[in-house]
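This document opens with one chain alone, in structure tokens, the form predicted on its own.
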């Protein structure tokens, strides 16, 4: 079979491991011809690709980023975008496309499947917000990076008797913040699913410091929102892809805490450092597992399906079902995290 591969959306540790898994089994077991499209769906529309092989993918397992490049461009942004995808598929004789991406890339894949494009999906996002799969690759790496940062900030906070605010990624969900906060021993964690009252946060910090402790860590997901009427915030701004521009809530929380409590408060915004670098061992294994499962799905002609992790097994689920709803932080893990708030 002629199989196209693309990586779309934000970069993520483990992307190269997925590609490597697809190529390894595709070439060695199935005898496939494999094409890696450049920069996500943009490359499909333009017909730009690199021929992939086992030799080409050597040494990429521990590498972050993606050897194919990525973008947030999708065919539905252009009047002739879908036709251009169809033309590339027909011209190159492509039997299937494996689309590796998050909510945006997979939503586009579900729509393209409905108009006849043979697509198999692989869930990718450090936010871990894709439904039906228990875990997405990249999440474990992001949590590990955030946890290490929190560990380091504990010592400097204790040395200076400070409160440290750590802003982590998490546009609509707070999985990274919740897990890293719990693993790193954060004092309080603020997530998008739970609008916060800044005065309640400050009261909790006062209780902690009055109890004789002398340093606190507040973890804030970038998409965390204050309760209505508690803090004045700027109106939402959107980028060219229709996404709300986030980042900066950590600065706001830092200013409010220092002004209200009088405790010296500093902010660290981790930003894209959470996306970079080598994937963890878990993410390398999960990515490879997903890649091998994806090429199997291609040969079973399970188009319109996405590989997913459920009960420690990789299964197939409809892409449309996987992107129908975001996966939010569940009550059990949130209740566990709250046990350690002041």
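None of these values were measured; they are calculated from a predicted model. Positions refer to the first chain, counted from 1.
The protein also exists as the form predicted in complex with 6-O-phosphono-beta-D-fructofuranose (F6P); that form is not presented, and the subsequent description refers to it.
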- Query: So which of 47-55, 289-297, 30-38, 272-280 is the stretch with heavy atoms within 4.5 Å of 6-O-phosphono-beta-D-fructofuranose (F6P) in the predicted complex?
  - Reply: 272-280
- Task: Find the only residue in 267, 169, 89, 145 having a heavy atom within 4.5 Å of 6-O-phosphono-beta-D-fructofuranose (F6P) in the predicted complex.
- Result: 169
- Task: Find the only residue in 74, 216, 125, 133 having a heavy atom within 4.5 Å of 6-O-phosphono-beta-D-fructofuranose (F6P) in the predicted complex.
- Result: 125
- Query: Taking 4.5 angstroms as the cut-off for heavy atoms, does residue 193 touch 6-O-phosphono-beta-D-fructofuranose (F6P) in the predicted complex?
  - Reply: no
- Task: Look up in the predicted complex whether residue 140 has a non-hydrogen atom within 4.5 angstroms of 6-O-phosphono-beta-D-fructofuranose (F6P), and give yes or no.
- Result: no
